[in-house]
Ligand code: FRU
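In the block that follows, a single chain appears as structure tokens, in the form predicted alone.
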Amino acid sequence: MREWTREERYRVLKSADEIKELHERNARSIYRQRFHVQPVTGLSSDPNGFIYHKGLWHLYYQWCPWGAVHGLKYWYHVTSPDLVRWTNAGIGLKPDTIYDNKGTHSGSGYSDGQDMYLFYTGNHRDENWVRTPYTCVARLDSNDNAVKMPEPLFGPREDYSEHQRDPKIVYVPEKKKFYIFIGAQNLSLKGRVLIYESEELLSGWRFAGELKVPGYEDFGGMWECPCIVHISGKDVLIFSPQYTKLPGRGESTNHNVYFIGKMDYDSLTFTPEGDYQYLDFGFDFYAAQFAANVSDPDKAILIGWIGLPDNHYPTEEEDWEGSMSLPRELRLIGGKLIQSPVADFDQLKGEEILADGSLPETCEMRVETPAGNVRLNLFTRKDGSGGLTICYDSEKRVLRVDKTGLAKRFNQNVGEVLDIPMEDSLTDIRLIIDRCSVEMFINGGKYTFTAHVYPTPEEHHYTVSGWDQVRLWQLGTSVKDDFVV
């Protein structure tokens, strides 16, 4: 694994020509995705500014152009008419002011119907490398260029650690106020969310207080990427707790969870209806964000980063890494978020493929099962050996995913086996397979599991045992891997 100097990681991109050859190399990788948003070069991480505005979906992601390394972060911009076909639009935010001299870090978008705004964390560091995070805002002009306000909305609070970032902007009509949720860490190194309020979008911001979630005062060491949405009469709070190990998650210290409950903006209290739930049970899912400006009150749209902050992946050797998950439609049913690919994703489905044990590099697979133990091995060799093992224990009602059989093993120190404890019996799995990822929607989307996989050319077969029905479809390409900077 390459060692990067600080100067290399935090180098300013001055011309697209500096990374044109890198893009050409990256684009030749056998692991470039066909229908997942991925970095034009280098590293992509958190999704940002996800919003529907004037008939178009806008999505940004944190981007380090030089390679698979966390360094100087830009926002890279992609757009879509339907959440399926994505086009590269170039840099959305640059670290070009004193307030964001070492990176434009995560945030969210807001549309008032006429104008669109991007709220982000300006990552400032002084000559001694001391960090000061600022909450900043930019407005998109008629050419989709971001015009930054000359001053931040507010700076950090000194009674919390330097970890104060990822502004989520919401408007609450009954209060006639805007609120910003900030992921934070207190001086005792406990995860928190700070809330700011204002009657005006671009001025008058004041600290309202700390979000209270009864029973979770000591949960996690930092709450990254907080996001809140109102669905079907209930509030859903998602965030990514860091620096903590959670039950059944191996050695990982980065997670994505959600609460269903009620948000009281007078007392700044989110009262959960039950325990936290995992947003995704997979090895690689983080920093998820709800799309802003979704008109259906019974639906939310969500996207996450297929990756984790401290993990490393085989494409690092090719100087690129990371993908966005498929955009997911979420509904509340029976006290759970039910997730599925957006409806228009079916546009990519081609002819049904004969289920003969050969696994295309991009496809959709659907399996149904009768009661009992079942097993599915993906990405096996031709003789059926190795691969990603998915097996269900009907007595324990546990679905286990084991990637130890893959030729390219990675993040072994974090864990290679994860379980999904299920409340009900396994009935079906819908698997969406791209060139270096697999997303599983289990029991109609009641459970999801997302993972990076890097099959070798010999690992494109599968075996099944105990399944009632197996069906496959070829999937088309919907992401333009163009060099746009």
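Start at 1 and count along the sequence shown; that's the residue number. Here the structure is a predicted model, which means the values were calculated and not measured.
What follows is about the form predicted together with beta-D-fructofuranose (FRU), which we do not show.
K.L.:
With the partner left out here, if you bring back beta-D-fructofuranose (FRU) in the predicted complex, are 62, 224 and 309 all within 4.5 Å of it by some heavy atom?
P.N.:
Yes, because 62, 224 and 309 each have a heavy atom that approaches beta-D-fructofuranose (FRU) to within 4.5 Å in the predicted complex.
K.L.:
Look up in the predicted complex whether residue 323 has a non-hydrogen atom within 4.5 angstroms of beta-D-fructofuranose (FRU), and give yes or no.
P.N.:
No, residue 323 sits far enough from beta-D-fructofuranose (FRU) in the predicted complex that none of its heavy atoms falls within 4.5 Å.
K.L.:
State yes or no: in the predicted complex, is some non-hydrogen atom of residue 305 no more than 4.5 angstroms from a non-hydrogen atom of beta-D-fructofuranose (FRU)?
P.N.:
Yes, residue 305 is a contact residue.
K.L.:
My question is simply whether residue 106 lines the interface with beta-D-fructofuranose (FRU) in the predicted complex - judged by any non-hydrogen atom within 4.5 Å.
P.N.:
Result yes; residue 106 sits at the interface with beta-D-fructofuranose (FRU) in the predicted complex.
K.L.:
Using heavy atoms and a 4.5 Å limit, would one call residue 437 a contact residue for beta-D-fructofuranose (FRU) in the predicted complex?
P.N.:
It does not: once beta-D-fructofuranose (FRU) is placed as it appears in the predicted complex, residue 437 has no heavy atom within 4.5 Å of it.
K.L.:
Consider the chain as shown here, without its partner, and state which of 259, 281, 286, 181 has a heavy atom within 4.5 Å of beta-D-fructofuranose (FRU) in the predicted complex.
P.N.:
None of the other options qualify; the answer is 286.
K.L.:
Heavy atom within 4.5 Å of beta-D-fructofuranose (FRU) in the predicted complex: which of 328, 165, 168, 77 fits that? Just give me the one.
P.N.:
Answer to the contact question: 165.
K.L.:
Pick the stretch from 203-211, 224-232, 148-156, 169-177 whose residues have a heavy atom within 4.5 Å of beta-D-fructofuranose (FRU) in the predicted complex.
P.N.:
Answer to the contact question: 224-232.
K.L.:
Using the arrangement in the predicted complex, list in sequence order the residues of 392-426 with any heavy atom within 4.5 angstroms of beta-D-fructofuranose (FRU).
P.N.:
Residues within 4.5 Å: none.
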